[in-house]
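Shown here is one chain on its own, the form predicted on its own, set out as structure tokens.
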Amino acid sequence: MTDEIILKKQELAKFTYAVFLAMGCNKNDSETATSVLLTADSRGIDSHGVARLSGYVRLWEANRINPTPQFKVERESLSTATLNADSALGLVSGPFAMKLAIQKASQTGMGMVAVNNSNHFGIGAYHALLATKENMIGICMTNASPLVAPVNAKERMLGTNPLTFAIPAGKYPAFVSDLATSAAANGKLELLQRKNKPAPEGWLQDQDGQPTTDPFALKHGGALIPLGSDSDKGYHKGYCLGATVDIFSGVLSGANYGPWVPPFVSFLPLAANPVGLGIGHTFMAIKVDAFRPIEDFLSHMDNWISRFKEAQPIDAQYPVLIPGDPEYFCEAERAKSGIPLLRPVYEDLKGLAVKFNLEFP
């Protein structure tokens, strides 16, 4: 029995779309949510693709996801807005909010939308790249379940709180910086658990605050560590970045923040005294030609990328890459070969097919 099963992207997308329909989402929202998840799998971000699908279903079953949300703009200016997502899938509220930011940027040069009352929004790259299609710079961030301990703390206070930048180029694909502000994303930890492999050193601490490689450390009271892993490697910087994302996503939008952010897993209870509504995100769009002619910018982005690609490598086997390159290479490969699924993920999806009486590829 192999550890991976390969499925065609179209087959997997058709099934995922059917699951969202079965949850009660309309066709447009099901299509959007499916696109976000399959983009993650296509780009090699397996931790945020269909491996998360059953988690969304469980949140829906726990009445924490509203499949038919009514978005409401609570506060607005020419260039900004605060959006109440009505407990929507973040996979749906995220693209909606980024498109609103793009619309505002097209009128004013810059647009920014803060979102409250939302849920996990998948990979940040999907949302940020929407802006590059309009020759804009896209920025997005989100807070998340408290799994990360601040510097010198045992207690979990922050999420992995990713921060994403997408910048258009001319002949090259867009520059994409999409990273968790913790040493690793929780989804990668979940993949290690499924593979029964230890976590790399520097990812986790145990319940006493000591380093550990146990991939199940979070279930035993441990915590993820901020980006940088320890004091010698500058993990105070990761802590600062994660805290900043939390404030932009939660405090600014009116969502929960810090230890009050709702957990992604449905079996954990919500905070007894929430300080806001749901999970929070922030989206920004910057119109490039508000600063310089777009042709000049794209030309110089190509020049920037070309020069960095020409940097002398330490080892000729490993050329210098541009942020976003590994994902683009993976996307091209998986378009031909299909999407690999770990067997536990495959079996998980088969379980959803049984639950909703759906045909499974």
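We number the residues from 1 along the sequence you see. Just so it is clear, the structure is predicted and the values come from calculations on it, not from any experiment.
There is also a form predicted in complex with another copy of the chain; it is not shown, and the following applies to it.
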query	finding
Another copy of the chain in the model of the complex: contacting segment from 248 to 256, 264 to 272, 124 to 132, 86 to 94, heavy atom within 4.5 Å	248 to 256
Answer option from L163, I102, L224, A174, heavy atom within 4.5 Å of another copy of the chain in the model of the complex	L163
Option touching another copy of the chain, based on a heavy atom within 4.5 Å in the model of the complex, out of I279, L204, L158, M98	L158
N152: touches another copy of the chain in the model of the complex, heavy atom cutoff 4.5 angstroms	yes
Contact label in the model of the complex: L218 to another copy of the chain, heavy atom within 4.5 Å	no
Proximity of K197 to another copy of the chain in the model of the complex, heavy atoms at 4.5 Å	no
Partner proximity in the model of the complex: I322 to another copy of the chain, non-hydrogen atom cutoff 4.5 Å	yes
